[in-house]
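This document starts with one chain, in the form predicted alone, laid out as structure tokens.
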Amino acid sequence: MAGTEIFGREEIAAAADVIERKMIHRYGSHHLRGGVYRAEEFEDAAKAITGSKYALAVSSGTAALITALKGIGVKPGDEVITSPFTFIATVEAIVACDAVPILGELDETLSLDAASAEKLVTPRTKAIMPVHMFGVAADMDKFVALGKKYSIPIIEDACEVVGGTYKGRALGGIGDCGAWSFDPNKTLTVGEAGMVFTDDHDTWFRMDCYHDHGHVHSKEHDRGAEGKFGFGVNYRISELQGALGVVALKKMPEALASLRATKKKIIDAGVAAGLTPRPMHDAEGDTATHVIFMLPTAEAARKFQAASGCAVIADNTWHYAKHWKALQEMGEKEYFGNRTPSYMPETMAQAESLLSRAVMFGLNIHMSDEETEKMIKAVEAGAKAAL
């Protein structure tokens, strides 16, 4: 599903334009730019998709998550509730803020379960971070209600679902903040970049300053003559990434349509063979990057895997917290005036009961009829062996 699949002349032209104008930095040199700001255009295009008031392009999805946490004021020792089924960057972002990751349970869609998250709320809870995994939305109605009930910000980790929706609303633009990723393995890529969204001006201002060494950005002053707002880091993108991002978002509808058409063929074949697809809170909003079936038992999933060559999600060392030794080692320790919980595998038994039954195939944006048919045959072989 790597976004370079759809690279073409448009990306070459966009990159060449930036190089020919010799304007790589997204900020400053206002008198030389002729009013052209590609990174801003990228942000504006993203805002148009989510309906958010503010969008900030940053250097990666990880940077987007960290910047969102900083923007809402997460401090050392604060707690952030999230999912054990997520890319490791979700937890890394929390730890980068010296906050405590609190892992909830999963619902039947393999998303963070809102009821389990509510049970984990304490006076130290600073944010709840549902993760939209492998194309499918978490139950955002419940998380929005939960955030309002306890006055806790909801940060959507939508890094894996750019272009996905929940009941007609773009993922990343529903919570108090949301994050997208454009890394080389995403459906849309600019090499490396992320985007963070919010509707709150003060949150955006803190994020904007933080991501660029505290600069208070203004086109009334050139680079270095602006004001400064606290400390920050360098999570800027360049104009090259901005230019590629503008092209990528234009190509998004076609890419998602291709993925969805392919996935439908494979899911339909699996259902005909007696398989149960992964449930979804909103099937129409699926970005269709993965085909996932839920087998009745872990043993059945292994039989399916042996016959089909698919993956079992419980084995995924990058997307399942059970496998992260660094997280286990920080468990049950004094931590910035708080104490971390255990992160040992036995604490994730409920997630294991679901992920050990989940079998998965990844999809490319463009798949030939032969490639699609080969995957269908693998699904049918797996079903025959497992059911």
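Computed from a predicted structure; not experimentally measured. Don't overthink the numbering: it's just position in the shown sequence, from 1.
What comes next is about the form predicted together with a small molecule, which is not displayed.
Contact with the small molecule in the predicted complex holds for all three of G61, T86 and C159, each having a heavy atom within 4.5 Å. The stretch in contact with the small molecule in the predicted complex, judged by heavy atoms within 4.5 Å, is 185 to 193, chosen from 71 to 79, 185 to 193, 97 to 105, 220 to 228.
Under a 4.5 angstroms non-hydrogen atom cutoff, the small molecule in the predicted complex lacks S111 among its neighbouring residues.
The closest heavy atom approach of S181 to the small molecule in the predicted complex falls within 4.5 Å. When contacts are judged by a 4.5 Å heavy atom cut-off, C209 does not count as touching the small molecule in the predicted complex. Interface membership of V131, defined by any non-hydrogen atom within 4.5 Å of the small molecule in the predicted complex, is confirmed.
Shown without its partner, this chain lists S308, T90, T262, Q241 as candidates; in the predicted complex, only T90 has a non-hydrogen atom within 4.5 angstroms of the small molecule.
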